[in-house]
Structure formats: structure tokens, C-alpha cells
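Have a look below at one chain only, the form predicted on its own, in C-alpha cells format.
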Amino acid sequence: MSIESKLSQFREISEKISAYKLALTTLNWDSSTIAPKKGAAYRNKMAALLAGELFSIETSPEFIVCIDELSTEALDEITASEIRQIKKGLDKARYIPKEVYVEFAQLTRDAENVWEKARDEQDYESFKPYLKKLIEMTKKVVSYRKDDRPVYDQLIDDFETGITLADYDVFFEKLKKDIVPLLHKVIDKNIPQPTWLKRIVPIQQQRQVVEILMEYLNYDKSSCYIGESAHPFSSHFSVHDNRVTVRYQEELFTSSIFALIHEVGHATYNGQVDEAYQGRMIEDSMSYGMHESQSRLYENMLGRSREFWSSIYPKVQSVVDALKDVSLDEFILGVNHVELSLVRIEADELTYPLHIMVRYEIEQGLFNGTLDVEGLDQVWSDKYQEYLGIRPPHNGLGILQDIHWSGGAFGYFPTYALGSAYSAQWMAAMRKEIDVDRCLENNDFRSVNEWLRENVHRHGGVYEPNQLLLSVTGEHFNPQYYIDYLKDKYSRLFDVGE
């Protein structure tokens, strides 16, 4: 068979795979946003069947032979990258029995429904059997791979190609050494939390703020949509269809603001991928750390800056009664307030890595056998006491606060910290070419998006993180940018010396 025939066959099967993925993404979005809870069991069963059919196509002998043969051919850079990534995924999946894959798919869907109810009722015991089964099934699925590395090392690689457990250990130790002393200096100043942060803001007013932010961020309504869910997330359907969700809380109104900015970072990344990649695997195969680099860049380095808010804050004040007597400077200090808090997604930038370390260490323990689900909620609380000096009053603010484990996403959490560090390197490179602060002050977020489109977004998942960082910034991953950014920002905001 000629290369042209093989590529034609590859494109035909790939298009069918994309169709199934679109159907499953739509089901997932629907289930997490507007679908009636009572219909969950049937939806989950049907979705698991669809996932099984997709698995059959992706691991069919026809597709495996096609990919194996194309992997030895001389291809253009883009197609070669695509084939290489698909082959890596196939090598992980091809030996898993279909019935095991379907069982795991259904488990994750059922577990998410149980988790949401358990979180609301602060009931770890009801989720514990599902967590135990998720860990067992994850180990079982990984056992079919032809890979001798420990399970958690493989899971780490699933979410961030090129990063190892040893790399993460070095990264987190560096953060402890350089950031924790700065955190203590800020905490020791005993700066009280601004009282306005706890003011009640009606959901309707929050929705108006979201509308203001959508316009400022150039989040195009013709190709984007905002929904509501128990845990904010972003879903990618196509280059021209990217959706995000927020969770509105009247007593914590800044949560929806920064959840939106964070998720729009994800959605903009997907929406600015080269349209020629639509329907191809590389359209959405960016690493999780690289994706988080964009959401954390938007949420923190841009979204919590004074320049970001300077042009739109008067509009926000006009719709939020609770901010009428809060100056811009007071607002910026408030949204950057540092405190030892319980909830990861509400955490400030300085304490955020500590939240990730708790999860990282627990995941390691769960997969190396030193921890078990029994009493894990207490282990969680003990680690929060150790790292942050506080204990959750209940499991809803403790071990049940995140959705990730219910979906079997073990190894995902470390990418949040890694993405934060990547974002600082992107920001430093962007500042060399455009006046970021002036763009923000002049209500010109479009120029920021354009720089990111040209240098990062348009490539989709063609390049591994280090390849892309090196080509754009001239350096491999360098966490010193992140450390320098945090030291500079918080030293200036709260007048603490380095």
C-alpha cells in the first residue's frame, strides 16, 4: 500500500474517532451542566457503550497496522508528530480488554455522580468505595501496558510527557526552599482579609460581571458558551466551539470571576489552534501542564494585575453593589490576599503549590502502597495541618473538594503547579515583544491573545512542552522565572523584603 493510501485510511479512521469523541464530549458537558440527575444511570450506561465502541475503533487491528506502518515512513513534521503521539497512546491501550475499558469508563461516570452528592453532604464514607475501586481499576488498566515503570510514574507521564516523578520531586523541593520563606514573611505581617471579600453578591450581579469579562477577554459568543456546574471546567468540541462553566457562590463572589478567567484561558487556547488541525488528534493533544500554563497565565499573571482591571473596574463597580466603596487598589490587594486556606481553587498564588503538594504526596502513597482509602480523609487533614497550619472542618472542604479523582485522573494535580511555572516563562517572553501592561490598561486584550496565538496556541499539540518553550523563549523549562515572579509581586504588594 502506498503512503498516500495509508494516509487516506488513517484520515478516514481518524474522522470516525473524532465523531465519537465529539458525541462523548457533548454527553459529558450535558451531564455536568443541565441534564436531570435522575437520568444519570442510563446516560452513564449509554456513554460507557459509546466509549467502548470508540475504544474498539482506536484499537482495531486495521488502525494499529496503519499507525505502525506510518510510524516508519518519512512524513511531514506535523503528521509525524501526530502519528508518534497516537502510537504512544496505542501502545498503552492496545492490550486492554474492551470489557475492562468499558467497566472503567462506566465507573468514572458513576463515581462523579456519587462524588458530587458526597461533597454536598460532606460524606467521605459514601465516596470511599468508589475511590478504592477507581484506584484498583487504574492499576489494572495500567497493568496491561508493556511498561515496567511503577504505576504512578506512568500516570505522571500520561498527563505530562517528558516529566518524571524525579523531575517533580526536584521542582517541588525548589518551590519549598524558595517560596515557603516568602510565604511566612507575608503571613507574619498578619494582614487581615478585607471584609468586602465576604460580602454577599447576588448571582445576577455576578452574571453581569461575567458578561463584562467576556467582552474584555474577547471571548466570542458566536463560538463560545458559559454554563454552570458543581466544579468549573472547560470543554473543547472544535476550534469554533469551546465552552466553560462557572460556579456562582453569593458569599464568595470572586470565585466565579477567577474561575471564568481561568477557564477562558483554556478555551482561548483551544479556540486559537490552527484551523487546519481541526478533527486531527493534534488539535487537542497539548500536555496538561501546557494547558494549565494558559489558564494560570490568564487567571493570575494577567487577571490579578492592576493593569487588567484598570479599564473595566468602573463597569464592574456599576453592577456590583458590594464594590461601590472599594477602590481599585483595595480590590487588587483583596484579590491577591494571602492566607492559609482550605480550598485549592480559591487559593492565592503563594499558597497554591502547597495545595498541590498535599495531593501529589497522597497520590504517590495510594499507588506505592503506603496509603489506603481507609482513613484517607484524616491523612488529608493531617497534611493540611502540616503544610498550611489548618484543618478542614469537614470533608466537603477537605478530601472531597476536587472532582479529579472521581474521573480517575490520578497524576493530573502536579500539572497545575507545573503549568503555573510554565506561565511565568511565557509571560517573560511576551513582555520582551509587547507592552503587556499597556495593552491591558488600554482594553486591548486582543493583542495579548494574538501574541499567544502566534507563539503558543496555533501549534495545538504538535510539540512537546520543552520543544515549544525552547523554540519560543530560547530556554528549556526554567522554574526560576516563576520563583522570581512570585518574589517580585508579593514583595511589592505587601512590602516584604526578599
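One-based numbering along the sequence shown. Every value quoted in this text rests on a predicted model; they were computed, and no experiment measured them.
Only in words, not in the display: the form predicted in complex with another copy of the chain, which the text now covers.
Engineer: Just one of 63, 445, 55, 29 has a heavy atom within 4.5 Å of another copy of the chain in the model of the complex. Which one?
Structural biologist: Exactly one residue meets the criterion: 29.
Engineer: Report the residue, out of 164, 223, 249, 368, that has at least one non-hydrogen atom within 4.5 angstroms of another copy of the chain in the model of the complex.
Structural biologist: When another copy of the chain is considered in the model of the complex, the option within 4.5 Å is 223.
Engineer: Choose from 338-346, 369-377, 128-136, 272-280 the stretch whose residues reach within 4.5 Å of another copy of the chain in the model of the complex, heavy atoms counted.
Structural biologist: Only one stretch qualifies here: 272-280.
Engineer: Wondering, does residue 291 line up within 4.5 Å of another copy of the chain in the model of the complex on heavy atoms?
Structural biologist: Contact with another copy of the chain, no.
Engineer: Is there a heavy atom of residue 387 no more than 4.5 Å from a heavy atom of another copy of the chain in the model of the complex?
Structural biologist: The answer is no: residue 387 has no heavy atom within 4.5 Å of another copy of the chain.
Engineer: Within 4.5 Å, heavy atoms only: does residue 43 come near another copy of the chain in the model of the complex?
Structural biologist: Result yes; residue 43 sits at the interface with another copy of the chain in the model of the complex.
Engineer: Using a 4.5 angstroms cut-off on non-hydrogen atoms, would residue 23 count as touching another copy of the chain in the model of the complex?
Structural biologist: Yes.
Engineer: Taking another copy of the chain as it sits in the model of the complex, which residues of 224-244 have a non-hydrogen atom within 4.5 Å of it? Please list them.
Structural biologist: Counting only heavy atoms within 4.5 Å of another copy of the chain in the model of the complex, the contacting residues of 224-244 are 224, 225, 237, 238, 240, 241, 243.
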